[in-house]
Ligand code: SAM
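So this first bit is one chain, no partners, the form predicted on its own, shown in C-alpha cells.
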Amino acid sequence: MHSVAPVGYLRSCFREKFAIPRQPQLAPAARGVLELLPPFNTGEAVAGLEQVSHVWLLFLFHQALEDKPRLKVRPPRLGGNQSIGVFASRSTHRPNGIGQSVVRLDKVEAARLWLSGIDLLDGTPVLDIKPYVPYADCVADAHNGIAEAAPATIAVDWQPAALEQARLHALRLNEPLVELIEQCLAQDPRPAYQVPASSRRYGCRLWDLDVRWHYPQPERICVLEVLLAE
C-alpha cells in the first residue's frame, strides 16, 4: 500500500480546537498560511492556481486520531445527545482521521498559499490540495436533512475595554481580529447540551491571544478580555 505524506503544514489563527467553526466559511476572517514542503515548494506544483478562488484541502485530524474507529457519533447540530452513523456526519472522529474543507485562496506564492475562511487547527498536516470547480462541486438540487442550513448564531457583545484590546492587537497582527472573534463566538463554541451560569468564564486561543467571554444570558455572549497568551 502506498504511504501518505503531507504536502505542507498549516499556520492557522486557531491555536486550540475550542472555538474553531464547525464548518469552513462560517468565519471568513479566519486566516492562515499553508507552508508547502519539498518538492512542492518550488512553484511548479501551484502553477496556474492563481486562477482559482477556492481550493479543497484534504488534511489529517492530527489531534483526534483514535486506535478504535467510532461507528456512531453525536453531532453538535443534533444537540450533542443524539447519535448517528459516522458516515452521516462530518465529525472529526474519522476512521482514518481524514478531513476536507473548501477554503478561500487569497494569494499564491511558490512555497505557500494564503487562505481564509478556514476551520483547521494550527499545525494541521495537509495531504492534498485540489481546485474548487463550481460547475462540478456545487450541486443545485443537493439536500441534507440533518444540516439543511447554516446553524443559527448567537449575539456577541463587548466590554469596552475588551474591544479596545482587540483593536490594538488587530493593528499589531495586521489581522481582522474583531471580526474573527465575533464570527467564531457567534457560532457558540460551548457544548450544545450545556447551559452555562453567567459567572462561568470561557476562553480560547486565537493567534497569540487569549480571548475570554461569558454568557450574561443563555443566548448572548459578552467578550471580557483579549490578552497576550502567557
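Just count from 1 along the sequence shown to find any residue number. Everything quoted here is computed from the prediction, not taken from an experiment.
The discussion below concerns the form predicted in complex with this ligand, not included here.
Exactly one listed residue, out of Leu49, Ala64, Val195, Leu171, brings a non-hydrogen atom to within 4.5 Å of this ligand in the predicted complex: Ala64. Site annotation in the predicted complex: the residue of Arg104, Arg90, Arg74, Arg112 reaching within 4.5 Å of this ligand with a heavy atom is Arg90. Here the chain stands alone, but in the predicted complex its contact with this ligand, taken as any heavy atom within 4.5 Å, falls in 91 to 99 among 126 to 134, 148 to 156, 104 to 112, 91 to 99.
Shown here without its partner, the chain carries Gln23, Leu60 and Leu120, all of which come within 4.5 Å of this ligand in the predicted complex through at least one heavy atom. For Lys17, a non-hydrogen atom is located within 4.5 Å of this ligand in the predicted complex, even though that partner is not displayed.
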